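Starting off, we have a lone chain in the form predicted on its own, written out as structure tokens.
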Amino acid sequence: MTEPVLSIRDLTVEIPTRHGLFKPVQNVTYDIRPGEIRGVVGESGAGKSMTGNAVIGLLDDPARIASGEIWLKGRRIDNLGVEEQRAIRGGEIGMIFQDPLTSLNPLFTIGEQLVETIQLHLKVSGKEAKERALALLDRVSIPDPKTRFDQYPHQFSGGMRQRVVIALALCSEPSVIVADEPTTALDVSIQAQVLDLIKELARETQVGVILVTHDMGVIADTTEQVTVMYNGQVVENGSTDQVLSAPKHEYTKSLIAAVPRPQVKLHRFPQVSYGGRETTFKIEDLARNWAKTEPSKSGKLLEVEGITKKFLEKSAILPSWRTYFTAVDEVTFDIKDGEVFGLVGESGSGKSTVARMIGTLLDVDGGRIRFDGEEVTAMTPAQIAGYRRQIQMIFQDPFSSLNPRMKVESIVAEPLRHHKLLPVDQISGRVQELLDRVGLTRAAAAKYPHEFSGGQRQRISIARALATQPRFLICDEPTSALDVSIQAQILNILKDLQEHLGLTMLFISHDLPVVRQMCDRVGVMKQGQLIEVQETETLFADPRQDYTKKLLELMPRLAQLSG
């Protein structure tokens, strides 16, 4: 058997705190062989990324390696000095981060960043470095590398930026690449392209890859070996086929069971039960105090008719010289009372722009939006305020949608105060009730958003959205940043809201298995146009459009788990 290119042996990382030593990584052991992709999977806080940071010497103070060893090609590297570690980092070990935009310097062109990295590690001339940079851009399938070489990161799409980050990681011809959630924010088609690229590079260059992810479908499609982590420890190691088809540890079984299935629709998402982490959502208590609303006049709560949105691309003094980009092009659909309507499509297809127009966060350039028979696009400011009370949004990133300077009580109370729904002396009690109903302790009211996990922050967002007792929820990628176990909890909450309260929802996601589980009907968007609308089961079984068929074919699948 080939010798490992990287070996991690009994690695423990500790962080001194006021309450003693916290150990986010404990006795972790696994190997990476040349050309092998090893998946590292587990919930948020399991220690996946912390292990990768220890490997590349990027632990933030005061975190430190307490014990264990890290070996790279037969050389121990965890005990090296700062300068020696810097030479290895980016040189022999490359890194692909989750968010490509924050990995790239917005003030420098892509070419400048590639050339700088190449010259730092390979000591070549500027001319040779540029030739290597252009070759790398071509290798990661960036179209027209010579033109793109002189462009800035903001001129690239999310998928293309991630390709550039991969090119940067390859600049020094490393032996190992640590890829930390490299496809989390990408839609299914771009995700497939990036993962295919990583597999191709591992095969051709024999670089070993540590692929940190919470997506079990990505693990199934991409990796040969998998390490499952829980609470800082490795609970299972083995080949991907063996671990996914016949898991030995109860946590692994529970984690796999929580993955949304693209093949069959379930009433509820199984939750990760290992370790007693279930959180109760008290939907019956919430429903008891929920104001009853009359059905819509036509049976269609929301009607969207030919809406269009254009954004200015090039400004000019004369209107005829201005150029516009059409983000949404005459989109028409309706959402029935109590229905969950899904919108899917690639990044840039116009899904979120549609949601923002419905939520009156963007003006409509053409077409009409009607809510319960009333035309939203013709409402007065006073009428808009009433409309906004009846619709609420749950955003993709709960951290950026919550004010970091406000305590949770103020965040949840804000819509109550804004719409003057309760006397001042009753607001605090309603906030406590809402937090309790979404499974948060009452002590949460006195804390700030940064003191919570991603899943808990999304619960806060849901509590805030429910404060006005809305009739319509817009869910814009509400679980894309969450691991599979927390995703199951949040999606079950949304299912309960729809089932028990009769809430109507617009559910936007690039995660097609989640869409199948959540939605009654689905609309498919491509380049600003709605190209197909069908019942969910019909769409997944017999899509009409070639583009829809392509999206479904690109879904990462747990092939071993057909049920």
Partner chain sequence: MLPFILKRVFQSLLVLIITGAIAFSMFTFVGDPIDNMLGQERTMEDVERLRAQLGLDQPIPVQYVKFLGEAVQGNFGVSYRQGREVSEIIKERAPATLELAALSAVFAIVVGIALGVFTAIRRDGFVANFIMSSSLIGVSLPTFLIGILLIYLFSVELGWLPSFGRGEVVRVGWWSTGFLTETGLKALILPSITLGLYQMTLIMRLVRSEMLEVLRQDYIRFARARGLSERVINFRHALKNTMVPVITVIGLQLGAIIAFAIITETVFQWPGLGLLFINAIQFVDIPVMAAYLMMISVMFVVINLLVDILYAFIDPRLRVSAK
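Because the structure is a prediction, the values reported are computed rather than measured. Numbering follows the first chain given and starts at 1.
Separately, the form predicted in complex with its partner chain exists; it is not shown, and the next lines address it.
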Partner proximity in the predicted complex: Q26 to its partner chain, non-hydrogen atom cutoff 4.5 Å: no
Any non-hydrogen atom of G90 within 4.5 angstroms of its partner chain in the predicted complex: yes
Interface membership of P106, its partner chain in the predicted complex, 4.5 Å heavy atom rule: yes
Proximity of E224 to its partner chain in the predicted complex, heavy atoms at 4.5 Å: no
Contact assignment for its partner chain in the predicted complex, among E116, D78, E477, D436, heavy atom within 4.5 Å: E116
Residue (of F97, F156, F149, F472) lying close to its partner chain in the predicted complex, criterion heavy atoms within 4.5 Å: F97
Partner-facing stretch of 245-253, 106-114, 134-142, 376-384, counted where any non-hydrogen atom is within 4.5 angstroms of its partner chain in the predicted complex: 106-114
Members of 74-88 lying within 4.5 angstroms of its partner chain, judged by heavy atom, in the predicted complex: R86
